[in-house]
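In the form predicted on its own, a lone chain appears below as structure tokens.
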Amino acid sequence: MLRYLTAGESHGKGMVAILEGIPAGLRVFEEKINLELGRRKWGYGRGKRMEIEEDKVEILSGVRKGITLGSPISLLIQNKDYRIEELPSLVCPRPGHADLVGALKYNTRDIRNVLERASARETVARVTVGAVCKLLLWEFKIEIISHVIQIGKIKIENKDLGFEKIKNLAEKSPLRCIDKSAERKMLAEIDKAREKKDTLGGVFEVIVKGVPPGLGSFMQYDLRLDGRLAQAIMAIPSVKAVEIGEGLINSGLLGSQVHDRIYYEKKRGFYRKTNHAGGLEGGITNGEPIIIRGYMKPISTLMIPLDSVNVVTKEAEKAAVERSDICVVPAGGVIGEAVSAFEIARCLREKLGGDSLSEMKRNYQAYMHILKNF
């Protein structure tokens, strides 16, 4: 019911997204989408490309007078750094990138043909899709934020500050970090990596508040919302592991220490005092905040390149060097918000149906009435 495609190359004319399944009657603000694109660009450790690109969206279809029509929404972000035809061929793949496997798969000895599409530049299109989905979720009082919990080996000490405080602190930090002490150490680590012409990875956390119980399904493997979210986060470039709730810690504990006990109050209905599960049980939302973490490896373009092999001559050479960032974990969190927004909006559309926003809201109110009187 809700789906999207993206198209475009890193140094092509632009990035395009087509989003289908948004109901008619949703107010869409270009400035809201541009705000999300700006958040993606922001962050200490980003490279020169972010200084070049304006990243402003142009809505080409599906919206009239600021209101969705129910038809596919097409979104364009033009690239200022448009020079794909002028760029030289590359023949030395970068370890850790899609360069070599892509060249083998698509039978090309010009790695430029691979990296232009495999580039993380494509995520601007995903962020525009997520921005529209966030607007839809906001109509149902569902909100999504992210923050950085680790850069390199530096971790934050305390993240249990509450949704609003985390949101406010993250938006004021150049690293989207809510721990000032850890932030200072993280900034220093990024500076050290820059001096060494190296890169740094880390961990971001996405938090979703206001999701009602009952989204997702255990009926088939591909309907489980935790699986959908994990796939969406894992598909972000450089992400190599995904955690939902306290998955890593829980794997070493007893069941009595892990599972969230269930309580009931007439006004609140069913609830839990803990959220070790991260808001999902059996592939279905349980009404608690959804907590997802993405673990990002250091990006693969190094200014001091690693050993590689020329795919034409088969001789040993150093890997290709492209303009690069030092650390992209804060941006990873923003992209994580976007792809999570899409997956949750997709499940919400499946649950509620409706061709218009007003119909969708009526169905939502009926569903909430059922939950309240269960």
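Given the structure is predicted, the values throughout are model-derived calculations rather than measurements. Residue numbers run from 1 along the displayed sequence.
The following text describes the form predicted in complex with a further copy of the same chain, which does not appear among the structures shown.
Interface residue among 80, 165, 196, 209 relative to a further copy of the same chain in the predicted complex, by the heavy atom within 4.5 Å criterion: 196. When contacts are judged by a 4.5 Å heavy atom cut-off, residue 174 does not count as touching a further copy of the same chain in the predicted complex.
Contact check for residue 243: a non-hydrogen atom falls within 4.5 Å of a further copy of the same chain in the predicted complex. The shortest heavy atom separation between residue 181 and a further copy of the same chain in the predicted complex exceeds 4.5 Å. Mapping the unseen interface onto this chain, residue 308 counts among the residues with a heavy atom inside 4.5 Å of a further copy of the same chain in the predicted complex. Stretch 308 to 316 is the answer when you ask which of 330 to 338, 46 to 54, 32 to 40, 308 to 316 has residues with heavy atoms within 4.5 Å of a further copy of the same chain in the predicted complex.
Along 50 to 73, these residues reach a heavy atom to within 4.5 Å of a further copy of the same chain in the predicted complex: 58, 59, 60, 61, 62, 63, 64, 65, 69, 70, 71, 72.
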